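Starting off, we have a lone chain in the form predicted alone, written out as structure tokens.
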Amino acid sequence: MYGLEIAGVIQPADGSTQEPLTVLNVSRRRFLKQTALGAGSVFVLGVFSGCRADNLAAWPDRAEPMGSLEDAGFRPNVFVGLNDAGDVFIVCSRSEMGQGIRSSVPAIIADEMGADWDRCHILQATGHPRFGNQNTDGSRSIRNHFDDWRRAGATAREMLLAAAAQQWETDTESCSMGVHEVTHADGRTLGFGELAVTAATLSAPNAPTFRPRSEWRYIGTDIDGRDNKAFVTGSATFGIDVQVEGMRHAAIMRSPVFGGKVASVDDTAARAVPGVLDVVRLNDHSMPPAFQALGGVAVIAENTWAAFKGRDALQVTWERSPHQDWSTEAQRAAMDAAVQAAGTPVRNEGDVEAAAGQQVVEATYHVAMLPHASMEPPTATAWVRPDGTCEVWAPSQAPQTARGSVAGALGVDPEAVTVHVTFLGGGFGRKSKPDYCIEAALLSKAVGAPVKVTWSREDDLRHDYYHPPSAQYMRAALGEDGKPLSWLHRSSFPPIGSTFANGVSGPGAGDLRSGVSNMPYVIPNVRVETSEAFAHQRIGWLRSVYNIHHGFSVNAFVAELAHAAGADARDYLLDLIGPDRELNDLFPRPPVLDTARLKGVIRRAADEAGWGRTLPEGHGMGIAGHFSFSSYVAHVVDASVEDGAIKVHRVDCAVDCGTAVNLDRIRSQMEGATVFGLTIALKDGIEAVDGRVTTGNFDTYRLLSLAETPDTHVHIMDSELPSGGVGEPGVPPLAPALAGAILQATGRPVRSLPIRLA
């Protein structure tokens, strides 16, 4: 509903009068566009925005180039282009989902090249092997490819220097790179545009030299978000925004029980819904599920609303699934029983059973099954043309995987498939799996027109690739000094491997290299075991993956040991980590854990939080540190408990991610991890009964609200070491730090996520 416009006047505190405002009853996107188009300050449903049109006009929109890579005469590699006007085109091969990668990666290239950031235009790569690894997951974009991006920029820089030397008929040693220009020793300059044609005739160097850190202009600073204006004004194209001429819309009814197959369909009522064009039955999926479409019955319609209403009218009966009797409660009981018995050892040092102590502490920790619940549910648009070629527009974290999977489902060569990557409204690992892209392609082929598949929030929460539930059994015998003489850890959860291979039950040895088999403590007798657990849903990676289970159980148990020993939690943790050393033996491949860096973030977070200060009654402070994705993160949480209600007042986060590229994005990722981690700790998990996921929307899977979000402080450690990950490592220490705060405040240990004190 649009068009309700009421003039009014805002009276500032200084008594002056501003121009009339406009009051609109609008959608959020209409609100953003209205401000961009000159409505001035806008008041919508009681919220005032001071983002005026004149301010936005001064905010350069550099996300869209003034040309294309094809217009660039100088293209030294697939990532860089330069035209004779001096416009630099940088291709980003990673997917943007709010983490700022379309700013960070191009800034690395621009810095090494010597380009003026304001004259760079960012282009999004389609899914293709020529760009190398494009999977935007595992916090790998910077930590695995920092030098690759630098090399792309350095190649262009050296070729521009050589082009200048050729035009001046001199040697390259007399030429130096300025900002978007080359300067001769005698003061002459040539701009990038003036060098483009000559540079295009030169051969690329095999091993270009990197610029020294002292010459970096962008790396290690607060790099501005290249897409911020598009996001704020609503002009950014996310997956749900894609429009293709002649496009039809699809909603799919999938089996409410994983593994269920269609027995019969009555689509009479569905076809009678206004706007419904067709009903298509998809093939049933097979096991293992991998990235297949789940099957079911699709309603094809003129618009999304008609597709959903038509789906509601379908009468579908389902064959009985092998998972019909599964429930989350029964699965938790089965994992509890599994970790109480001896499991399969993956680390065994000394003799855990023979080690006797003054006190034995044991606990079993649980994490509920979790969804991704990204802001934008899965959606994809596909067009399979009569000649067999296919275009896909999708918010994909792994466009090459989507390309190959769609090609396989259609039975065509991957070169016949083009995947266009839109902005992602969140991902967290869900959009690395291209099942929704396959659905769109199969339906497009079936109806002979472009098709957009839209998942509802209920579809998203009930048909996810879930983060697995887990049970972690811990036992330690404490000596006279309160330190553990022995450490036994059994881990049980259905692994991601079960999604890709039949017969996989329980974690493998490699799955425990996320804080269990490679835990860094100095303990003479250690035994780590895996225990059986069966999957009843598709299991997939979620932000921080198994580090969620292990970071919680290991750190929360250490806090309990400190409490049992009557020791300070920070000092106990640092003593348990022991002397500075690199744990090569526990990390069979890089990265190697450096205990000095782990202790460094623990000390920094504690110092910044004022560890040891007097707390109000009912308050507690907890601390935890964890190594994952080549980075070290520690959290200190100040929380209180009153009448069973938990309130988090302040979070201090210290992060050592090696060489920091974009300080603004590092802070925002850690702040986001705080919200993500507190949602896991304080809200809801996925629940299922009789094989059906009962969690359906944000009424039953609640998210942390703005009012509940604590005062969060992020402290970035200075480092010149190789870059580590940022997107994922901030999650694991948050929940155990909160558990430690609750333990200090109440004397009650926290052993399950989400936390329930009542």
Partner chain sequence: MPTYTLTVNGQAHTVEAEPDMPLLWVLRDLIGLTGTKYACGSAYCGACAVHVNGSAQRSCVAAISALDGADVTTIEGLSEDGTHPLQLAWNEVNVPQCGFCQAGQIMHAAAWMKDNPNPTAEEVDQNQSSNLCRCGTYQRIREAILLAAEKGA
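Residue numbers count along the first chain shown, from 1. Please read all numbers here as calculations on a predicted model, not as lab measurements.
We do not show the form predicted together with the partner chain, though everything after this point is about it.
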query	finding
4.5 Å heavy atom contact, residue 303 to the partner chain in the predicted complex	yes
Contact flag, residue 710 vs the partner chain in the predicted complex, heavy atom cut 4.5 Å	yes
Partner proximity in the predicted complex: residue 353 to the partner chain, non-hydrogen atom cutoff 4.5 Å	no
Interface membership of residue 116, the partner chain in the predicted complex, 4.5 Å heavy atom rule	no
Every residue of 97, 374 and 457 near the partner chain in the predicted complex, heavy atom within 4.5 Å	yes
Stretch from 187-195, 155-163, 658-666, 132-140 whose residues place a heavy atom within 4.5 Å of the partner chain in the predicted complex	658-666
Contacting member of 676, 383, 89, 557, with respect to the partner chain in the predicted complex [4.5 Å, heavy atom]	676
One residue of 483, 229, 475, 366 in contact with the partner chain, assessed in the predicted complex (non-hydrogen atom, 4.5 angstroms)	229
Contacts with the partner chain in the predicted complex - residues in 344-362 whose heavy atoms fall within 4.5 Å	none
